[in-house]
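Listed next as structure tokens is one chain, alone, in the form predicted on its own.
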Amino acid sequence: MRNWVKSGSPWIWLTGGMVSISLVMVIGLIMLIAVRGLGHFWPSDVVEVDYTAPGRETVRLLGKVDASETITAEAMRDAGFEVPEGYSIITRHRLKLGNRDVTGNDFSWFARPLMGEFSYPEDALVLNRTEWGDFIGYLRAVKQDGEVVAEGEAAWDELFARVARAGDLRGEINRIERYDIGQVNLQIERLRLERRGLRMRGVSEDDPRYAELSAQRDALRGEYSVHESRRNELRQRIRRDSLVAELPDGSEKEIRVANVVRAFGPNRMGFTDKVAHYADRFNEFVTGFPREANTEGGIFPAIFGTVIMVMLMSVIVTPIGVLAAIYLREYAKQGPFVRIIRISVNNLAGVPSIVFGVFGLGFFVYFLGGSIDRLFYPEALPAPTFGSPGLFWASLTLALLTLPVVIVSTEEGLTRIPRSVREGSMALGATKAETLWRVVVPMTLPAMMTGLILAVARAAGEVAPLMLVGVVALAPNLPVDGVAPYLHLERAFMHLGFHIFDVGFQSPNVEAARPLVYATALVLVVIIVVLNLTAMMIRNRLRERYRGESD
């Protein structure tokens, strides 16, 4: 036994066991997030059941079984729920009933002993709406301009066709409002600021530039009127259709098809139909824009904002960190001052991220941004241009946050280059600068990429500093569009990490938003993994390339 301990085998087994446990925990966490997030998009069957509470009339329930649990009857009574007599342990189901605009609540718990047999009616209808969440009921008829055009079984095909047409019209309306009208408004605002700038510089009203600006403004207003007329025409067309649905209590409700994003009958769908529905909903989640206070719709603006912020941060932090490391290792005279700088860099890596956010807000946003506004955008004041949180300041703040990682990794890479390589290069007649940039730095590229990988991994998941320097819960426009300069660094943006926080903790409908939190977290993990794998592939190629050249 003593020889076995001295051989080091126990430590090998212990290390291997800890690595295995870590892998199981990471894989388990990802699987948990995936199951709870991705399962949200599957069209679950709708159950119909009678519920009889003690001393009350029987009511009909129609909804999806969202969760089930077994608890004590006493705990259920303490929570204010109705419990039948004679039970000590009760199974209860949480049903997603939808119809928040009618009942005021999407989800409710019900004791299983008070519920009858479950049935699955084929005429059960589920509507994903633009507001008020899901509607769950029974389809009865489809109307156009108040007249019934189809009812009964024929109403299903008619409804699907009209919902698809409404979706196309709604997409065209959004395109006109977001891009056509939005770009015209932006150009009109620029003309207004240019006109104000002329007045601030004391240019006389007789100057021909005023007339030119007025002509451009009139032309843009005419273009705006054309887009507005087209939008109003589409709105009239989309408002013609409606559907009549029956609620579980027997009453009827008329719903405009214009407010329906998706209509489906889960109980009448086959496996292939459910897979197609699942793919459609997941595609909307990844490529669509959010709605309903971020609890419905997609997360594309958050994905786009996260990726472009990480890319900008990488472009900023890499040259600064690499050059700083090269100077400290290759050019600076080693002494107390350089040692203090290295200690400061190492300590900077341990500073809480929120401190960087406060610094970014005070220095980048208020000082630098305010100075830029006063120098280059005085006509826009007091409304800030760069003097407010935005994409550029968020990228700079994260670059400062991750700078120590890049510096340390690059310095370690420079240290690992043998001295003989440097001496051999200079012995062949190369200068110190030529040796550094043509021999040493290329061999250090894998270490630089390692620092960049660590920086990307940390920056993509940071939330606290971004809340101060650019991230918002809902951004009306993407930082990139078709208007020059195309990349708008001054705009606020959405971020997956902050989106998770906002949906999970600030949502007015927590139960409905919880699956989206898991799904968004999974997307964030996937993006970080993809970015890291891309950087690792580049690093490995560089490593093999320069290893082959050294051989």
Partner chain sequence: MHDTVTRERVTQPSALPNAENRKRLRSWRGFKDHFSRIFVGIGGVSVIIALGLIFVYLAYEAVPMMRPASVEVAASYDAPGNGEAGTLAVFLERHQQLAVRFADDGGVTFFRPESGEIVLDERLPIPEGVEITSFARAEPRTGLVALGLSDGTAILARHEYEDTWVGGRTVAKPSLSYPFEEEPFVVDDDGLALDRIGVQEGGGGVKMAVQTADGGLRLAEYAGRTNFMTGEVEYERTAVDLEAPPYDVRRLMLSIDMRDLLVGDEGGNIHYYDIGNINNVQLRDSASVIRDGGEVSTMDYLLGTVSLIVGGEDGSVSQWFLVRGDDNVRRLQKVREFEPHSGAVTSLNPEYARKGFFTGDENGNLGIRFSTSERTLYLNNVVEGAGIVYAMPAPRGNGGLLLDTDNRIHYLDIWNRHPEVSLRGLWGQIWYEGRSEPTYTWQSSSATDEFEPKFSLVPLTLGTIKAAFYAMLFATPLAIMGAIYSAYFMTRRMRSLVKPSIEIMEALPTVILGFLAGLWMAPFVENHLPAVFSILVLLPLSMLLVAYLWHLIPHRLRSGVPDGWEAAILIPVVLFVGYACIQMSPVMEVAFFSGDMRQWLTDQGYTYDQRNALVVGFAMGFAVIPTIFSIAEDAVFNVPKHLTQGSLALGATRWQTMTRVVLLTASPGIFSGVMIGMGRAIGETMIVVMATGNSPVVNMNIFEGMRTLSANIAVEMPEAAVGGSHFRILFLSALVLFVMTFFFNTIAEIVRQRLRKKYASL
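Numbering follows the first chain given and starts at 1. Note that the coordinates shown come from a computational prediction; the quantities given were computed from them, not determined experimentally. By rigid core we mean the largest C-alpha set that fits within 1.5 Å across both forms.
This protein has a second form, the form predicted in complex with its partner chain, left out of what is shown; the following refers to that one.
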property	result
Sole residue of Ser371, Ser119, Thr130, Thr72 within 4.5 Å of its partner chain in the predicted bound form, by heavy atom	Thr72
The single option of Val226, Ala161, Val351, Ile188 touching its partner chain in the predicted bound form, heavy atom within 4.5 Å	Val351
Its partner chain in the predicted bound form reached by all of Ala150, Asp218 and Asn477, non-hydrogen atom within 4.5 Å	no
Segment assignment from 492-500, 39-47, 478-486, 53-61: heavy atom within 4.5 Å of its partner chain in the predicted bound form	492-500
Touches its partner chain in the predicted bound form: Arg112 (any heavy atom, 4.5 Å)	no
Asn346 within 4.5 Å of its partner chain in the predicted bound form, heavy atoms	yes
Non-hydrogen atom contact Glu85 with its partner chain in the predicted bound form at 4.5 angstroms	no
Proximity of Met467 to its partner chain in the predicted bound form, heavy atoms at 4.5 Å	yes
Members of 397-412 lying within 4.5 angstroms of its partner chain, judged by heavy atom, in the predicted bound form	Leu400, Leu403, Ile407
Large Cα move at Glu330 between the shown form and the other one, threshold 2 Å, rigid core	yes
Is_shifted Val26 between the shown form and the other one (CA, 2 Å cut-off, rigid core)	yes
Lys274 C-alpha shift between the shown form and the other one of 2 Å or more, rigid core reference	no
